[in-house]
Structure formats: structure tokens, C-alpha cells
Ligand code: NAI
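Below you'll find only one chain, the form predicted alone, shown as C-alpha cells.
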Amino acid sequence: MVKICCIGAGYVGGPTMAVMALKCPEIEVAVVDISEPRINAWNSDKLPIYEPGLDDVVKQCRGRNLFFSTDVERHVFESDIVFVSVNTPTKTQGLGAGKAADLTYWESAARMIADVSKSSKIVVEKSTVPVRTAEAIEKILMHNSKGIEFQILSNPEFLAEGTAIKDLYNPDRVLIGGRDNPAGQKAVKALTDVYAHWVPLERIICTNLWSAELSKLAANAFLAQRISSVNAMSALCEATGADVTQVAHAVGTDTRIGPKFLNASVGFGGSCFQKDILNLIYICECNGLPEAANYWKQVIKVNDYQKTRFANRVVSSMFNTVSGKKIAILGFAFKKDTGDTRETPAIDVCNRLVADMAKLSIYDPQVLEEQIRKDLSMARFDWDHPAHLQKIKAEGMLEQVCVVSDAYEATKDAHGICVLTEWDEFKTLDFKRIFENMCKPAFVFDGRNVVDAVKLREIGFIVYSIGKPLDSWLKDMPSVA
């Protein structure tokens, strides 16, 4: 029996290995992590991450050919293929701080693999890594191999949170990069044979190592670029009276462009987009390509601008002050159908409103209060580092924040509502009931364009929908800086 081990039981490793175990019942799959609470959660009825369909997959396979364990070294020792899905956070200090990927955890994993292995193994990069990381990993393994042969493959993930299981069942492509020599191509074929259990061969793309590594960064940069492009257009739509939804639809019908990732919003988030673009910027700079680096910097700048513009719109619309006013925050996750809050735009919006002395009442159907408070108190880029390395800011301002259990409690006695995640339940709320229990004038600031602005205005709300023609009230307020 082929044995596969995945180091890292997070958003990538857990779901990917669960589906692999389901589709390859003759392969034994072990997901290992040094975090005992995380592994205990994977072995319980309450999984550590929320992803539609994941519970069913884990329950079908766990204990049969899918195992979750903290005994990292034993499972690595026994495995034929080792996936490495550890964090590659943005460096917070030293050379490349604020841009470069921190490969500390990857290097540590590589050294451990070399130390405990007694047989040849295929080592697979599943984490998003800088281009040519495989070369560094090869050197570590080669100089510590004790005569054991290792082959390095790059197999980046292209999952979208909220649809990860569907994406794994029916991927657009599976990308495998390896060395262009007999041993390398043999390793590529071995991994191809695993995926071929359920993925058509024409969707399995084989490249060299560097193309596979760079393709992941490029894909995320292109997707983020589309979001920043439509968000930049949303600001112009508001200024001119155009409707960004109509503009995006017209643009998206061009087959050369397409309709995906053209929804205007308060900004993009998630664990990958900003981190990977910053990494790409750093790689461009290190290779003497400042113009290319500046191009990608602008994608980040527009995203930051959109979050600032939204928060400023809230303040300027409400007589240029939110001091002491209750603002309901509906949604904290970076997108619907996930509990993930990494780089969520809600963090920046909430922090800006708190800095203006607003009182926030936050509701999200999947994000726990502990996570929300941690996110609002954490220094930038620290979210992907171990807890003992995270710098926690002063907690005084968190006294202005409360986290509640439903949308009606969040909006009671509020002056304004900010919709920051596109959860479906926000579309069907009883806004007449909400309006009756709010301070007047009552504002709704829709950062995801999920509410029916016409109906809300009929109820009596003053509505701001991102990228849409401005409410007459908002036109008369001070311009947004």
C-alpha cells in the first residue's frame, strides 16, 4: 500500500488529503501537525475549519485510510510521498520584511524529513513558495540525506475557500512541476498516478519546477489584479453616477475578459492574495525588475485604498463623526461559506472605525468572538506566525467592540450597518424590523452589494452600495478623501 503523509493540517492540507483519501481508498493518508488542539479537532465532530462538504468527506474516510496525528516523525518515516503544507508567512523583520516569504517552517520540515527518513521519498511542495524554493530544499535534503534519494515536486493548490471540496472533486487543473531528468519524471508520474484516480489526464499539467512554483504566484496576482481593477472602477462609478454592476457585466461579456472576479467589494482578503503579491514584488526587486515590482504594488495600493475609502464613507455620511455611535458589522470572514478571517477587509474597516471612537457590534455566523478579538488586536503580517511570535497591540480600544450571536442583536439601537461579508442570510433579513429598532437616520453601508438598495430606501434607510449611484443624502455630504 502506498503511504502518503501531509505535514500541516490547515486549510490546504486537511481538505486536500481528505479528498485524496476518499478518491484513493487503496492509499493510506496521514495528516500530521505539531498542534495537538488542531489534530484533536480533526479527530472530533467539530472540525477546526468550516468548509461546505468537508465534514462528510472526513467522516467517510477517517479511521479507514485517513488519519490525523501529532506523531509527525513516525508518519514521515513510513511514507512514500510527503506533502509539505506548512505556513510561508510574510517576514515581519530582517531582510525582505513586509514582502518576502518566511521559509523558516519549510526549512525546518525539510531538515526533519532528511533526519528521520530511511528510504527514498518524493517530497511535494504544497505550500505557496517563492520561485526556486525547491532548489533550496533539494540542497538541504541532499546534504543531509545519508545516501537516501529525494525527489522534489511542486504541486501548488488552487482552491477557493467556500468551494474547496467542489474544487478538489473537479479541479480546473492539477499542476505538477518536477526535474527534467529520468528520476524527476518518474516522481512526476507517481504523483500523476495518484491524481488520475479521479482527475482526467488532460487536466493534469506537468511543467518544470520553476514554472509550477511561479504559476501559483502568478494566478493569485492575476485574480487580485482583477478585483483591484473593478474596485478602482467602482470609485469612478460613484463619482459619475454609473453602476459598477452594469459596467462589470458589460465588460465581462467580452470573451477575452470573462465575468469572474469582477464583483466590486470593500476589498479582497484571504491568506494568499496579498501575501503572494508581496512575495512576487520582492522576487521582482531581487531580480532587478523595479518596473514590474511597481506594477504589482499598485494592486495592493488599490485594495488598501478601497478599504480606506469605505471606512471614510461611513464617517463622512454620518455627519463626519461616529464617535460614541453604535455601528453594526455584519460579516467578519473574508468571504462567505468560510470561517477564515486571514487578511479580511473587515479588520481594517473595524480598526479605522474604532480609531474614530465608534462602538462596534459584530456578527458573523462562522467566526468566533475569540478569533475576532485576536484579529483586531494583532500586528500586521503576524496572523500566520506561531502565537508566541505574534505582537499583540494594546487592548484598550477593544472595549469599544462587542461580538453578538445574531444580526438583529447587532443592529439594535445602531446608527449604521456595514455589510462586510456576502453571507446569503444577509439578503433575507427582516429590514423593516431592523429599521424600527435603529437610531434615525438609519444607514446601511453595503460593502458587498448584497442588499436590495431600492427596497431599503423605501423602508427609510439611507443606503450606500459600493460602486452604485449615490443616495441623494450621500451626495450632499462631504467628499471622501
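It should be emphasised that the depicted structure is a prediction, and the values quoted were computed from it without experimental measurement. Sequential numbering from 1, following the sequence displayed.
Quick note: we don't show the form predicted in complex with the ligand, though the next part is all about it.
- Although the chain is displayed without it, the ligand can be placed by superposition from its pose in the predicted bound form; doing so yields no atom within 2.4 Å of a backbone or C-beta atom, and the site is open.
- Of the stretches 437-445, 415-423, 55-63, 27-35, only 27-35 has residues with a heavy atom within 4.5 Å of the ligand in the predicted bound form.
- Contact here is defined as any heavy atom lying within 4.5 Å of the ligand in the predicted bound form, and by that definition not a single one of Met17, Pro171 and Leu175 is a contact residue.
- Remark: Val194 does not count among the residues lining the ligand in the predicted bound form, judged by a heavy atom distance of 4.5 Å or less.
- Within this chain, His75 is remote from the site of the ligand in the predicted bound form, having no heavy atom within 4.5 Å.
- Although the partner is absent here, Gln274 sits far enough away that none of its heavy atoms falls within 4.5 Å of the ligand in the predicted bound form.
- When the ligand is considered in the predicted bound form, Leu280 lies well away from it, no heavy atom lying within 4.5 Å.
- This chain lacks the partner; the member of Asp375, Asp356, Glu285, Glu157 within 4.5 angstroms of the ligand in the predicted bound form by a non-hydrogen atom is Glu157.
- Residue-level contacts in the predicted bound form: of Thr128, Asn303, Ser265, Thr344, one residue has a heavy atom within 4.5 Å of the ligand, and it is Thr128.
- Shown without its partner, the chain has no residue in segment 162-194 with a non-hydrogen atom within 4.5 angstroms of the ligand in the predicted bound form.
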